[in-house]
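First, one chain by itself: the form predicted on its own, in C-alpha cells.
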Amino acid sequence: MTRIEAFPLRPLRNGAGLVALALLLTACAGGRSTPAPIEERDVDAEVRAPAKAESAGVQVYPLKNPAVAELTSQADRAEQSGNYDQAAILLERALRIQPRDPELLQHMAEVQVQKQDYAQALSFATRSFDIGPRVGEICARNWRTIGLAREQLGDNAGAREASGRADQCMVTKPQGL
C-alpha cells in the first residue's frame, strides 16, 4: 500500500493532471484507424459529386423503361428524405424490371452504403462495374463505392486500390483538340 502511495498521483488529483491523462489515453487509442461511419460522411460528397466533377467525356445511357424511371424518381425522393429502406425497396422493384442496368445497380449500391450494409454495397457496385461501361462517371462511382465499402469492411489496401481505379475511369480528350 505504501508503494502505491509513493507513485506520484498528486498531480493527477488536480484537473490539469486528469486532462493530461485523458489526452494521453486518447492519443494511445488513436493509433487504430477505424474509418468514420458513412452517416458522418456524405455519399453524395464522396461518390457522386467527385465522379461527376471529374467526368470529362460523354456518358451514354440507354433509354429507361417509364416504370423504371418512375421507381427511380421515387427512390431518389425517399433517399433525399433519409428513408433508405424505402429507397432500397423501390430500387429492388426497378431492378426486377431491368436487372442488368449498371446505373440502377450503382444507385442501389449507394443506398446500401447509406444503410451501412457494406457487403451488399460492394456486391451491387461490383456487379454494376462488371456489366457497365468501365469508363466515365458510372465507372468512377463504382470504384468510389467499392473503396468506401472495402474501407468499412476493414480492407484498407483494397480501398486504396479502388481509389486508384476510380481515377483511371476518366477519359480526357487529348491536348490540342
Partner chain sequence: MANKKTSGTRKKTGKKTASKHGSTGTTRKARRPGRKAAPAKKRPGLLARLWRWGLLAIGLGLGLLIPWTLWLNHVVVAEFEGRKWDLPSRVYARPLSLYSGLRLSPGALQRELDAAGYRRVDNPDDPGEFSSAGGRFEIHRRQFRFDDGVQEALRFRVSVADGQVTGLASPAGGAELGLVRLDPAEIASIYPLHEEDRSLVSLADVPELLVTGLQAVEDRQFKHHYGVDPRGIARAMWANLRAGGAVQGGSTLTQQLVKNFYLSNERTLPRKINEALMALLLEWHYDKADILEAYLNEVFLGQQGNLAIHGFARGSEYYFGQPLDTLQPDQVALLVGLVRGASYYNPRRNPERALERRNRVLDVFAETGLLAADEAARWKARPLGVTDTPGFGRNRYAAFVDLVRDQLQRDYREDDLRSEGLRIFTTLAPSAQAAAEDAVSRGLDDLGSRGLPNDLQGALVLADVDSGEVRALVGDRYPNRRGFNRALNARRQVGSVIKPLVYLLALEHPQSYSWLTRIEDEPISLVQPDGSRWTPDNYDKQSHGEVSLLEALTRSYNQATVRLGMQIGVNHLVTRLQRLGIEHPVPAVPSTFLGAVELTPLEVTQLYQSIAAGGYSVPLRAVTAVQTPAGETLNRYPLRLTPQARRDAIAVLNYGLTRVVTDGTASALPALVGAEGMAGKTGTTNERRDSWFVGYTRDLVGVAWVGLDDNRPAGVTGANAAMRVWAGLFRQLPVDPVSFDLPEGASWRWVDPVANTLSEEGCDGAIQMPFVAGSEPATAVSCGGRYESEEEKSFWRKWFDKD
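Quantities reported herein were computed from a predicted structural model and do not represent experimental measurements. Numbering follows the first chain given and starts at 1.
Although it is not shown, the form predicted together with its partner chain is what the next lines describe.
- Although the partner is absent here, Ser73 is not a contact residue: none of its heavy atoms lies within 4.5 angstroms of its partner chain in the model of the complex.
- At the 4.5 Å threshold, heavy atoms of Asn65 reach its partner chain in the model of the complex.
- In the model of the complex, its partner chain stays beyond 4.5 Å of every heavy atom belonging to Glu46.
- Contact check for Leu95: a non-hydrogen atom falls within 4.5 Å of its partner chain in the model of the complex.
- Shown here without its partner, the chain carries Phe124, Arg127 and Ile131, all of which come within 4.5 Å of its partner chain in the model of the complex through at least one heavy atom.
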